[in-house]
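Heads up, the chain below is alone and in the form predicted on its own; it's given as structure tokens.
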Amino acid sequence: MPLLVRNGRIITATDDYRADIYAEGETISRIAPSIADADIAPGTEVIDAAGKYVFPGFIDPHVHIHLPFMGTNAKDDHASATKAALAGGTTTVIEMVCPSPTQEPMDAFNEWHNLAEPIACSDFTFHQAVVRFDDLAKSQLRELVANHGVASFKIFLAYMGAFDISDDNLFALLSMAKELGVITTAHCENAVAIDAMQKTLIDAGKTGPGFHEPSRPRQVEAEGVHHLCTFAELTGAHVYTVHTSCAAAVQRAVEARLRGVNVWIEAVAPHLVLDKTYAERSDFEGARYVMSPPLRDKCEQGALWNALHGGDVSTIGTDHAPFDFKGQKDMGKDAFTLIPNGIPSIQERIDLVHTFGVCEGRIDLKTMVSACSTRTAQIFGMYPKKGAIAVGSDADLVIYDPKFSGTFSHADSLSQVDYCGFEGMTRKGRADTVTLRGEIAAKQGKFVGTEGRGAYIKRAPTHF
């Protein structure tokens, strides 16, 4: 059914204007100051966007849905997570394929893809994590890039003995990535330093969730970014630092960029609005807020917002990793090292950015669109199919009501996790209507689309 969005204020990463948008099939076919009834097909669905913003569909560059981790598995499946994403205005997600050290890359890719394809309700694609780099893995990674639409790798400079990659493999992988034109996303910390500090704290009886941050302080993250960028400089590879949490880490990446390193920086919603006092809450309540890198001092929020405003930080993701407080997080009652890491935020991201970024004057609407949609599409090979409002782009649209007010609440969540990390916080703005490739998929926080309509996006490498 054709779709017409009328009377909206269209906001992209570069433009702010009023116009009507007409979509036929799955793509935008016309944008004009006014499109009359006589110029549309019979049966066209019409959305009146008067008084509302019209954004391109938002893209989350960093989510975990199927995540085996620390002896358990994340609570969402690809239906619940993508419904939650759509309700919040996110129409495309990039999920991390995270195999075990013994799993073959192709097997892991197929496992994740087969879980997502039948039930995903938003569009989706993958970063392929590399945790082994023997000859078989090298061959299969090349196959995934050549024939399966994988255009980004993921590496961990953390989680010693589980996901971390050795320096010799890091150098070889980045050399391969440069050859193939693949961008490598990286969790930047120093795994050896973290392991030593965690053992020291646990041996001293400092076992509660409030000690998670001291076990992996800003220095180890900044060192991890410097380490990654040094290897990128030597190999010419293009790299992307995920969930960057503090000014020191941002500074290391910016310094590398000034040397000519091709490095992009991602922030995530929890680091922008929460601080380490949440993880220090008594009676184990702080476990809800254990993630890595950890929540930092409140002053780091201002540094991240300033870096977004100035363009040093390119994207805002979530690092959505939903583990129940009861039955999963409490596995770490006796030691914070056993608390599954992650704060669910796939549904809340856009409203958090609008509330605490735009409404507080930290960033403007164009920067919000750039960081939450367009730059991700550009960096990861989906633009202008995604991340744009233009003729020929997918009709992924978010009609956003800036006048909505309320609070964040677990009662509104479509995720299967048992808590909201932002419970009771002020909420200004809401996705009123969300379309996915021309079909209405969510209205006022409810999923109303077609189950399993999400499509896998095959991407071609662009970072040569």
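For clarity, every value in this text was computed on a predicted model and none was experimentally measured. Residue numbers here begin at 1 and follow the sequence given.
Below, we turn to the form predicted in complex with N-(aminocarbonyl)-beta-alanine, even though it does not appear here.
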Testing 385-393, 123-131, 314-322, 230-238 against N-(aminocarbonyl)-beta-alanine in the model of the complex with a 4.5 Å heavy atom criterion leaves exactly one stretch, namely 314-322
The one residue among 355, 341, 198, 367 placing a heavy atom within 4.5 Å of N-(aminocarbonyl)-beta-alanine in the model of the complex is 341
Heavy atom within 4.5 Å of N-(aminocarbonyl)-beta-alanine in the model of the complex, from candidates 437, 52, 62, 427, belongs to 62
Check your understanding: Does at least one non-hydrogen atom of residue 69 fall within 4.5 angstroms of N-(aminocarbonyl)-beta-alanine in the model of the complex?
Key -> yes
Would residue 291 show up as a contact with N-(aminocarbonyl)-beta-alanine in the model of the complex if we use heavy atoms at 4.5 Å? yes
ask   = Can you check whether residue 284 is within 4.5 Å of N-(aminocarbonyl)-beta-alanine in the model of the complex, heavy atom basis?
value = no
TODO: Tell me, yes or no, whether residue 159 is in contact with N-(aminocarbonyl)-beta-alanine in the model of the complex, where a contact means a heavy atom of each within 4.5 Å.
DONE: yes
Check, residue by residue, if 154, 187 and 243 all come within 4.5 Å of N-(aminocarbonyl)-beta-alanine in the model of the complex, counting heavy atoms only. yes
